[in-house]
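Below you'll find only one chain, the form predicted alone, shown as structure tokens.
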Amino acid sequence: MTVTLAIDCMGGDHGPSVTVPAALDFLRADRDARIVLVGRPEAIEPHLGTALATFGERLRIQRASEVVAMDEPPALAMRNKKDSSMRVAVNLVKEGEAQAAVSAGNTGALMAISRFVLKTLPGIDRPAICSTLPSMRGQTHMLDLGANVDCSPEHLLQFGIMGAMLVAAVEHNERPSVGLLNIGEEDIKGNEIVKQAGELLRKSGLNFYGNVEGDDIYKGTVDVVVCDGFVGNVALKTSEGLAQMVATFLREQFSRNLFTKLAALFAMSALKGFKRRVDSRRYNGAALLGLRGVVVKSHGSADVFAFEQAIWRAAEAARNRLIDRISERMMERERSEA
């Protein structure tokens, strides 16, 4: 299936020096895809080489005269920069010229612009940020990771539905397991919001596992972990800090003296395998779920490899009818409650 992706080339810490090569690598690997590079042509073209001629109609540039800064207040970005590369990329999705948009830019601005331009799907109160994390059994999808600090039980139920539909779309698992992040597995644990959310999820028709604890995220106990944005963001940043600490400790231990350096040479193959399994770049790309279009947020510091992974995630979501799946599930719920 042919899919067209709009790439915000100006967003992120590195801009076109990362986003453009990543888009070209993606086009080389996926012959059924088309890319629209959104941004300032004078900044994009130096990174293209002969790509426009090579890819022909599969690649084009869409001019956007403005750039949203990484530290810019979302409200100002939305109100004052209507020709930003971020806004133009999302507009292409709304207009049907692209099936998904990918940006490494300001997260708050991307969420605000996407929600304003695309609007939320029927039955969805708030969009949520869903990302993929490595686990002992493969990977786990977790939401919300920061878009919604205060959530009602109904919001957590909606997150569960959206997360399940994402896994069904991109991993072809039609009945993924869903867990509710809590301080214990027992139904009586947690605050009132979490307890009520658990009751809603049990009645939802989803494959609800029940409550899960923090260590279940990386055990891979469930396919989808649901929480509010405050808890999710803290858990994510804690995980990133732990990964950095472990990497630092390993480097320090293997560089202590001649013998540890020799040991590192013998362990090189195992260390490379370990690094690959926990490499956060492989899991780059968080979906903004609940919108009337596919939008994927890349980490701002992503390199070419990581940004390309975000593009792949957007393509898979678009090809596998993510928006339709969420809409259909919400309509089924509405009919069952009527």
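Note that residue numbering follows the sequence shown and begins at 1. None of these values were measured; they are calculated from a predicted model.
The discussion below concerns the form predicted in complex with a further copy of the same chain, not included here.
- Taking the partner from elsewhere, A75 is found to have every heavy atom lying beyond 4.5 Å of a further copy of the same chain in the model of the complex.
- The shortest heavy atom separation between G198 and a further copy of the same chain in the model of the complex exceeds 4.5 Å.
- G273 belongs to the set of residues with a heavy atom inside 4.5 Å of a further copy of the same chain in the model of the complex.
- Not displayed here, a further copy of the same chain is approached by K219 to within 4.5 Å at the level of heavy atoms in the model of the complex.
- Stretch 130-138 is the contacting one of 130-138, 202-210, 170-178, 77-85, since its residues have non-hydrogen atoms within 4.5 Å of a further copy of the same chain in the model of the complex.
- Out of the listed residues V231, L92, I124, V117, V231 is the one that sits within 4.5 Å of a further copy of the same chain in the model of the complex by at least one heavy atom.
- The candidate spot formed by A33, E45 and L52 is out of contact with a further copy of the same chain in the model of the complex: none of the three has a heavy atom within 4.5 Å.
- Interface residues of 298-313, taken as those with a heavy atom within 4.5 Å of a further copy of the same chain in the model of the complex (partner not displayed), are absent.
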